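So this one's two forms of a single chain, laid out as structure tokens and tagged structure 1 and structure 2.
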Structure 1
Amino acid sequence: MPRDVRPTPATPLPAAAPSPAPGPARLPVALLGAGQIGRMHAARMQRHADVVLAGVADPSPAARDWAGALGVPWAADAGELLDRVRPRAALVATPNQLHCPVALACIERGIVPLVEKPIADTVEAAARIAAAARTAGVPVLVGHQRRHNAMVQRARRLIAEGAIGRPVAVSLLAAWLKPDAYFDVAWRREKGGGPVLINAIHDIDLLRHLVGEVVSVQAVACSARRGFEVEDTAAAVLRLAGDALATLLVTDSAVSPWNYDLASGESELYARQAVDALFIAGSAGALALPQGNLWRYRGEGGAARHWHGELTQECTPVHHRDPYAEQLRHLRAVAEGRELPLCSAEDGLATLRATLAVLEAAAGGRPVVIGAAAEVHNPAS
């Protein structure tokens, strides 16, 4: 039987006390890749108290002009920019197939990279990044920003403290309707460009972060709504270490509010919905996110602990923090050696492996066993 890793040991729980305050100077961070996601990060760097945009690397003329307008150095090649400005950290927002060579270029120079998800386009490439980071002693962060949400961090503490007992069953919903214009970009109509790898990877990472490692996957996928090569809908059953079961339903072709991005308020791009998208049922209680409601039976007696008993509902609002801004604060703290990565290269590798297993199981029509291969190397253990 796989070992129980509830809660997953991939990353340490957030410390009760804040990290020591950094010095007054803002940490120089290079932006490697100036697409939509890269520019979103740059906008936050421009107004962040802890980091400053040190330069932009992207081969497009538009990126060159944009960097000029911002008044920061530009280079077509990532390595050239890194050698010129020598930043302490870098944010890798290139196309997925370039994540590995660009992250390796950072590691070779002792520069701490924050790699946008997925950590790489293949498991093999992700493993190369993780191995290089261990060998060089350079920490790597992966951009699963949901881990920095204050409500997610509260949920992780509640689960670790036993508030819901042993997790038994989990349900994740990631359903929304993408506009037709979204698919004008060719790669979004091709395999690898669908909602499993683009969207559900975040849900799978959250599942790992809160509940435990994925050890096997069964899945089906469908492309009937739009008729593209890529899936538009997929459903999966995931077995976790400790024998909890999870279901995942993802679609980008249906009208629905049940999606973490719509419900969390993390991005100003979406009108916030007062719903939940992640449901965790345990032996002593249940928890729903991102609203953060906690259900438990009233009283301690065994007679009250069944379906006729009184369930209490508790909601504890937390202070909202922009997870992308918190991720940049964390990047500085990691680069300065004050914190360990909340989502490490090994974490990114394990999340990518589990996500690709959903696509593999759907394509092959049979379960995919991950097992011990997905265990995460935790430098803090």
Structure 2
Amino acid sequence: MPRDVRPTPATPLPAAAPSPAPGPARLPVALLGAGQIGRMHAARMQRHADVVLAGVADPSPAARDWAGALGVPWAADAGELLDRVRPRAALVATPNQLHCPVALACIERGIVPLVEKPIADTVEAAARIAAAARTAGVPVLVGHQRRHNAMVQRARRLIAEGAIGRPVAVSLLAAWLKPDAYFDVAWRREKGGGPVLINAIHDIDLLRHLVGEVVSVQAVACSARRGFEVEDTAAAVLRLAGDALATLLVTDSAVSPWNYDLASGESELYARQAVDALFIAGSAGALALPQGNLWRYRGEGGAARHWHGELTQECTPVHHRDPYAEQLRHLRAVAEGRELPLCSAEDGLATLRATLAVLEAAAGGRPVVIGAAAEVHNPAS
């Protein structure tokens, strides 16, 4: 395996790069749900070469005033805005429980939705989105933006090329201290709004994307720190296809740098920490993300290739690319039929199924077998 060491560029690369869109016009994209993440997407759209913010749907007076200040059309209702503005694509950033009706409103109008994760709050609702998309022939993208991170793409390539051999054991850490004000929004305290479904779903999607399908789950959840209906802390053991085992720890109630958000530098909301949060140990090597370091026994000078030998650590910085901006470039390319979704509705559904299995296993106190239903073909892989 050659070392993939590339020089740091003298000037930053454009936020969204590789295949430039054919025409100069930017793709009109409606924002459906203008809360915390919706506004972050809008800020990127405003400086993006491929997309333009076509309008905002959100019933809150604050969103109406914000859209007015931006000078873009506003409606309280998603369907009303879509009928008025007729965008080519839409970004669905409503509370989880509304992803399904809002995504369906897009699909029935032939508008390509990028649905924030989770694709929906239940497997049934996610399956409805996937079925409607198939019937209408409208591609759906799911906002697992980590798949657009250059370091994640490198890790996927390395694993596929056999750099770590066969994955054996994986550990995922997702621990932070969220501010109390974050929970002033009711849906984040209620069923479907806890850190497993809001946050750990990203880690489970990475696990599926990099290592393999989740086939069974055991878990324990706890809500003792915040006392809400939803968990604040959970621990899970996941069995993957190919017999790798993974552990997952998630909490929104403890001080910790060990989570992908703080460690990846993907979002300006977080002060970056130079740590890892995802550890993959294989039969021939080990990889940790998001820093991307790779460990292997080289056996140089006849040294042992096991725990008594010398373990080599390779560090390979990659060109920085904002995954959220790259996701918007990809949205345009999918809407124009030039690319297939990197995370399709079926893929989002399989990630949701595995994530909900964590909550189900914790609630039932026994393992949940996911089985063949989770086998997913990712059209873009």
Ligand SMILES: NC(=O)c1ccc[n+]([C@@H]2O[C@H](COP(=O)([O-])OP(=O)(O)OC[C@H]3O[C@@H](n4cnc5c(N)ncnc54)[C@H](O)[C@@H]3O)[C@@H](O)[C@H]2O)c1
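Take the two forms, find the largest set of C-alpha atoms that superpose within 1.5 Å, and that set is the rigid core. Residue 1 is the first residue of structure 1, and the numbers go on in sequence order from there. Since we're looking at a predicted model, the values are computed, not measured.
The form predicted together with the ligand corresponds to structure 2, not structure 1. Once the cores line up, the CA of residue 191 ends up 2 angstroms or more apart between the two structures.
At residue 181, the distance the Cα travels between the two structures is 2.5 Å after the core is superposed.
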